[in-house]
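One chain follows as structure tokens, the form predicted on its own.
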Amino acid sequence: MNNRKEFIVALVREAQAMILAKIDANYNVDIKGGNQSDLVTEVDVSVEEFLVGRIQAAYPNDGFITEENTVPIEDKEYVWIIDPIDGTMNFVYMLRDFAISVALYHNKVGQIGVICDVVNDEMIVGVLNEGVTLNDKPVKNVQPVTLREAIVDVSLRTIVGLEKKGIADLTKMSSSILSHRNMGSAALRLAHIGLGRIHMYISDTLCIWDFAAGLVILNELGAYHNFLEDEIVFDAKRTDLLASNNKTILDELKENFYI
């Protein structure tokens, strides 16, 4: 597995350089499925094609699940799950706070999770049973906090969506937490839970490429996650995800704000 880890980290570094070279360039921006919040650029597609092509050349028997669907989904023993730019809206409008997210799963168990904060030059790498590194330096396990001490990342869209689904009413949560943020990149926020920068991330209608790498990192650092509706699915379907610094603050959230 170390050979695969070294391979994918080096490859993601190349992809990072590709994005940085194009960040100020003129490129086409399209809307996916009529959703004005779901953007895709030619940079997303070219980076994904680069990653897939190099992985296929090195590991021709492996399968893929990718956001931009440049390769068919196949049920293989080893599956690479790729989001070439997680946080495309941030890439387009803010030129920061977006990430490359790549995970390797073996028989649906996460083995490697790589999240690269492109602009801030942070490479967070988790390997099953081997821990997590940030730019090659080991990361310590999370230190548990209470809900009152928690910084929570959740969007207005998610707050409305969870209430409509009858799952949770988070409209009055502000008085029970330390603070609220919304960055716009699931991959980065999951990594940030592991790094102790925030303590909870809640989002509805994520896809597996948004969180596959992050779950490997969280599992290695003793953090917690669950799916609000369904279990993880290895396809392009959407699900709701809640990830937290520890299970106790999830239980507090459920007790106070679940419907």
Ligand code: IPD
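Sequential numbering from 1, following the sequence displayed. A quick note: this is a predicted structure, and the numbers were derived from the prediction, not measured.
One more form of this protein should be noted, the form predicted in complex with this ligand, which is absent from this view; the next part is about it.
Engineer: So in the predicted bound form, does any heavy atom of residue 205 sit within 4.5 Å of this ligand?
Structural biologist: Yes, contact at 4.5 Å.
Engineer: Residue 210 near this ligand in the predicted bound form, any heavy atom under 4.5 Å?
Structural biologist: Residue 210: contacts this ligand in the predicted bound form.
Engineer: Please run the contact check for residue 220 against this ligand in the predicted bound form: heavy atoms, 4.5 angstroms, yes or no?
Structural biologist: Contact check for residue 220: no, nothing within 4.5 Å of this ligand in the predicted bound form.
Engineer: Even though this ligand is not shown here, does residue 87 get within 4.5 Å of it in the predicted bound form, heavy atoms only?
Structural biologist: Close contact exists here: in the predicted bound form, residue 87 approaches this ligand to within 4.5 Å, heavy atoms only.
Engineer: Heavy atoms within 4.5 Å of this ligand in the predicted bound form: which stretch among 110-118, 87-95, 133-141, 168-176?
Structural biologist: In the other structure, the partner sits against 87-95.
Engineer: Which one of 102, 124, 186, 162 is close to this ligand in the predicted bound form, taking close to mean a heavy atom within 4.5 Å?
Structural biologist: Answer to the contact question: 186.
Engineer: Among 13, 247, 22, 238, which has at least one heavy atom within 4.5 Å of this ligand in the predicted bound form?
Structural biologist: After the contact test, the surviving option is 238.
Engineer: Quick one: name the residues from 57-84 with any non-hydrogen atom within 4.5 angstroms of this ligand in the predicted bound form.
Structural biologist: 67, 83 sit within 4.5 Å of the partner.
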